[in-house]
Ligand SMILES: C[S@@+](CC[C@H](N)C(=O)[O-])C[C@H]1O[C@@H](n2cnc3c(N)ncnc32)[C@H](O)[C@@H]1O
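Okay, so here's just one chain, in structure tokens, the form predicted on its own.
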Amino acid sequence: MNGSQMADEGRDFDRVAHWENVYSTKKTTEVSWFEAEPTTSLDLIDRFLPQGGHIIDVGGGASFLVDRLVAKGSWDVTILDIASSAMEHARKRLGENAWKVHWICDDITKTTQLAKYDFWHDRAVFHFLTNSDDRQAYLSRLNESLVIGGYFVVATFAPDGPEKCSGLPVCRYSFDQLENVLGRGFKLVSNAQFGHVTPTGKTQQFTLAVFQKIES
């Protein structure tokens, strides 16, 4: 399935149970999206939000990005994840510094807990939304929460990337398809394709795009 063939799937799927099971049964270093050093994400934050600001990492519960952001101390950081077990991994790593982060355990398509953000980071959440209603709910929250002039960084599977991940179907996107989904309120300011090497040694092709919000 790619971005131009978006089936309405997963209406009765229990996302919470699925991701709680993933993070309760696997180490954070065993999941396919694990990266020991989130270098690309940090470089983009340094490039587009160097003077500090409010960052939300959607689906970043177990990611090591929060550790690096807290260590730098330049930004106000929010982590949203659907799985409490994912965020617990990060809290334990941060220890006494965990209080420096705003933690939201919720489904991004349903949450009412968002604030205003200068930088919205999503590494591999959006492509799991194969249901059009879920995609629209996600985009509505993005539009409501990202300030004008703020940045939306999204990494999805590329058109030649995997058709499934974690046993679930995904939508694959090109840059043009992401632009069409977002609409005229966002301007593409940077893009790249890259291969992510999983802990098992497989290479997955990703589309990485940075959009700036130019109007509501």
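Residue indices: 1-based, along the sequence shown. This structure is a prediction, so every number in the text was calculated from the model and none was measured.
One more form of this protein should be noted, the form predicted together with the ligand, which is absent from this view; the next part is about it.
Quiz item: Looking in the predicted bound form, is the ligand within 4.5 Å of a heavy atom from each of 117, 154 and 210?
Solution: So, no: the whole triplet misses the ligand.
Quiz prompt | Contact stretch among 94-102, 118-126, 70-78, 141-149 - heavy atom within 4.5 Å of the ligand in the predicted bound form | solution = So the stretch in question is 118-126.
Quiz item: Does the 4.5 Å heavy atom contact test between residue 90 and the ligand in the predicted bound form come out positive?
Solution: Residue 90 lies outside the contact set for the ligand.
Quiz item: Would residue 165 count as a contact of the ligand in the predicted bound form, using a 4.5 angstroms cut-off between non-hydrogen atoms?
Solution: It does: once the ligand is placed as it appears in the predicted bound form, residue 165 has a heavy atom within 4.5 Å of it.
Practice problem: Give a yes/no on whether residue 59 approaches the ligand to within 4.5 Å in the predicted bound form, heavy atoms considered. | Solution: Taking the distances in the predicted bound form, the answer for residue 59 is yes, it comes within 4.5 Å of the ligand.
Exercise. May I ask you to state whether residue 48 is within 4.5 Å of the ligand in the predicted bound form, using heavy atom distances?
Key: Residue 48: no contact with the ligand in the predicted bound form.
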